[in-house]
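One chain comes next, on its own, written as structure tokens: the form predicted alone.
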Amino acid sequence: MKIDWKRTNSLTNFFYDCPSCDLRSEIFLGDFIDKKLQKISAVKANKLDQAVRKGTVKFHEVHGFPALQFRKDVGKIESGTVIYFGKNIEVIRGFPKIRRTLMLSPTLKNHFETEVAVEEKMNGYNVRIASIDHEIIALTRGGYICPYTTKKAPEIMDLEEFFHDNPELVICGEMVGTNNPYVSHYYEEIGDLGFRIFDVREKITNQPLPIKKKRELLEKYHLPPVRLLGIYNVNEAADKVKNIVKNLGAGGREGVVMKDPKMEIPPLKYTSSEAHAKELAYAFTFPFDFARAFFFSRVIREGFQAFEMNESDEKLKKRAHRLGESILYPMLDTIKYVSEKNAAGEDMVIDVENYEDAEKFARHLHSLGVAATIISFKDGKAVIRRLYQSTTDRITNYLGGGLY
């Protein structure tokens, strides 16, 4: 039964009707906001109240429990944070944004102190896995529970023992593979679907475990980390990372995340030229459904990377060809496709036990504002088509003589 949130005159006087919940019918948030939330975020009740009024913070239901979802940053509370009011109040902090460096050589020396740990950045989608009232759930970057990932993650990894012993921790990782419904990418060592863990964080503080402690803990519970590609002195790190990223790009892989081994300094990310081209090719397949900043940022990355790599004329020409082809060819293919009275879209294949699971995932996509429909279901495989309506409509208009 859906929770019916009602509001009186302030944030501290919310109550709800939930006959199916074994919970009290009123929640007074004053003590929680003024005491516990103050300690972890320094967000005052009036600021949180304003965020609720603006829609930045939403009340919703999660597995029959009332919850607060942060759609944007509020003070020190990250976007994607969710607070559950179940048998206990649980806070799952959003995953912090990782800044990007365009120039390795000066940045690494300025940003880090003595050493730089280099981990592989994999091409998938960011997921946080946590235990809430003894139930394992998977949250997307925005703080939504993904029904597909919630079901698949425990099939890929044995998580029960980890969360039994460490209920206060959150696993942060990347769901990857060709059957990944958000970002399909082939990794030889993974195949259809896999998971790789890049951080383990404390629920309330969002403090990440140091690199060594994290990897020891994951090894203890036989959980798969991302590859650690090396720990380098800050003075030699830039040259090491350049070579690592070149090799990763040549192998069709994405890039790296550079971290302080103690995890006391925010990490930085850096990606390969091949990854930029692939992202541009995908975006220009549906050019009117992506913001212009998406295209511009990746072209800028290429410019600075080409400068720092100091490539030969031959390699620079190869980079330029790769960049140009990733822009023109995908867009041309889509224009031709729409000119034949087709709708721009893409099909994703997911493994599910039944049609109902496929419907749950389609409904999840709808809640994210994604137009998607189930095309077929057979032998445990569902084909879901994602439609890019803006691209279809605008190309159709221009082909018919519309002005740009």
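From 1 onward, residues are counted along the sequence shown. These numbers come from a predicted model, not from an experiment.
The same protein also exists as the form predicted together with a small molecule; that form is not shown, yet it is the one meant from here on.
Among heavy atoms of Phe95, some come within 4.5 Å of the small molecule in the predicted bound form. Remark: Glu120 counts among the residues lining the small molecule in the predicted bound form, judged by a heavy atom distance of 4.5 Å or less.
Contact annotation: Arg100 falls within 4.5 Å of the small molecule in the predicted bound form, judged by heavy atom distances.
When contacts are judged by a 4.5 Å heavy atom cut-off, Lys259 counts as touching the small molecule in the predicted bound form. Residues with any non-hydrogen atom within 4.5 angstroms of the small molecule in the predicted bound form fall in just one of 163 to 171, 240 to 248, 310 to 318, 121 to 129: 121 to 129. Screening Lys72, Lys76, Arg141, Lys109 for any heavy atom within 4.5 Å of the small molecule in the predicted bound form leaves a single hit, Arg141. Residue Val226 is the only one of Val226, Ile190, Leu217, Ile145 with a heavy atom lying within 4.5 Å of the small molecule in the predicted bound form.
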